[in-house]
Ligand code: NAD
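Consider the single chain below, provided in structure tokens and representing the form predicted on its own.
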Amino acid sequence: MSTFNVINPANEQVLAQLDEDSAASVQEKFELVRKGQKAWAAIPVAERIDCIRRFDLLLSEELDKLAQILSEEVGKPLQQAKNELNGARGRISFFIQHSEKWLQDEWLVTEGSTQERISYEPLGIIANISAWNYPYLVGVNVFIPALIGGNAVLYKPSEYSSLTGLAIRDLLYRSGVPENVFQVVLGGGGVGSYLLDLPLNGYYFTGSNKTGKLIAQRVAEKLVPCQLELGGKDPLYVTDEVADIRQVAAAALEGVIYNNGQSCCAVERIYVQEKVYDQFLTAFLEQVKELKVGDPLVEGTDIGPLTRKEQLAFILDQVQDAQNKGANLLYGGFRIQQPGYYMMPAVLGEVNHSMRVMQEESFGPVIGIQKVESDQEAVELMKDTSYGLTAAVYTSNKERAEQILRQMNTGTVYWNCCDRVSANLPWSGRKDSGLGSTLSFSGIRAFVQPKSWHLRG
């Protein structure tokens, strides 16, 4: 069996060496969960939820240890790792509270000669091909409602967050989820490909647009659900009607650099109305200069290393391309010469849409800030993308904000906030940002299939 190394991006040292799954071992895991799924589905929903409740309790009890594993593995500051675990617990709480309601039978007609109802049955066995940037948050969006819905799960964490994936597995087992209901598949993209060859009943992927399209093409002939949570090039527009420009700059900056910008809904483009452009830029630069880049395990660190070494070169190429086309590098934009995948966040002014940094998903600590004359110009630029995940507007005028946001072809819109996800609301992308929804009631129903009952006595 082949192995792979888990690298600490903060110092480039090997954290662990893990066995990579083969086609044969993936097949064995599939056969195991195939045998266990029906018994799991036969357990009452309330009892399945009890297992998830115990899982949530274990996350709380072992939060510090789990956060350290996560921080060392992906490089996010320790406090942000704890925030992620607490955020995941919030989503789990939503599923615990609401799943029974959305999975119970619904009676539509109870009188007359023919009664009608809808029941909801598990899909069967699903693949959860997850991401490294928020392994708890994006993971619980899928495997928690899938398990509650009576499905078995083949869970493939990213090779960059495999230790976290194994920790999740162990906690689920300790919570009462049977081994023949949840199995972890370890390795890179080649291992994930083995899952696409199996006769599964659903595929749920979080990651890049390129890989998502490949998965959709590969599984299309199976005619099973395929949900894709992909990337974004999310815009933020600052109008000339804002009460506190410094506060707006702080919110925008957090949307750019939180988790080192490694978020599908990170702010990746900023447009500022010309009347407040200079004020915004001054406030933004003052605050970005206060950020501490360094060891993610040291208290007070705002930005740790990038998780993947190759992303450094990609982002620096975007910065160089922008400069070659006339952008001004206002701050940062260089690799820090020390062990680890560190770079100073890059702020670019005088940008336009001929530049890669305003068109390609960056997935890192870089931002282009563009001056606009009017709302109409801002709207046209915000819409100039193949992605459709989120869009944000900052203004004290609610009517103005809603008029702008109604024109956005995105799954989520924000007024005076950004880079935010709520379990109460569906999380969905349009165009190159994906297919389907997680969270909310639709994220519960995404893992079951309706059966229509016509009952005539």
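Values in this document were obtained by computation on a predicted structure and should not be read as measured data. The numbering used is simple: start at 1 and walk along the sequence shown.
Not pictured, yet referred to below: the form predicted in complex with the ligand.
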- Query: Ok, 103, 276, 131, 242: which has a heavy atom sitting within 4.5 Å of the ligand in the model of the complex?
  - Reply: 131
- Task: State the residue from 333, 192, 122, 225 whose non-hydrogen atoms include one within 4.5 Å of the ligand in the model of the complex.
- Result: 192
- Task: Identify whether the ligand in the model of the complex is within 4.5 Å of every residue in the set 215, 264 and 427, based on non-hydrogen atoms.
- Result: yes
- Query: Would residue 211 sit within 4.5 Å of the ligand in the model of the complex, counting heavy atoms only?
  - Reply: yes
- Contact test in the model of the complex: residue 365 vs the ligand, heavy atoms, 4.5 Å: no
- With heavy atoms only and a cut-off of 4.5 Å, decide whether residue 391 touches the ligand in the model of the complex. no
- Message: Quick check on residue 158: any heavy atom within 4.5 Å of the ligand in the model of the complex?
- Response: yes
- Message: Which is the contacting stretch out of 294-302, 365-373, 67-75, 158-166, given heavy atoms within 4.5 Å of the ligand in the model of the complex?
- Response: 158-166
- Task: Can you tell me which bits of 172-209 touch the ligand in the model of the complex, meaning any heavy atom within 4.5 Å?
- Result: 187, 188, 189, 192, 193, 196, 205, 206, 207, 208
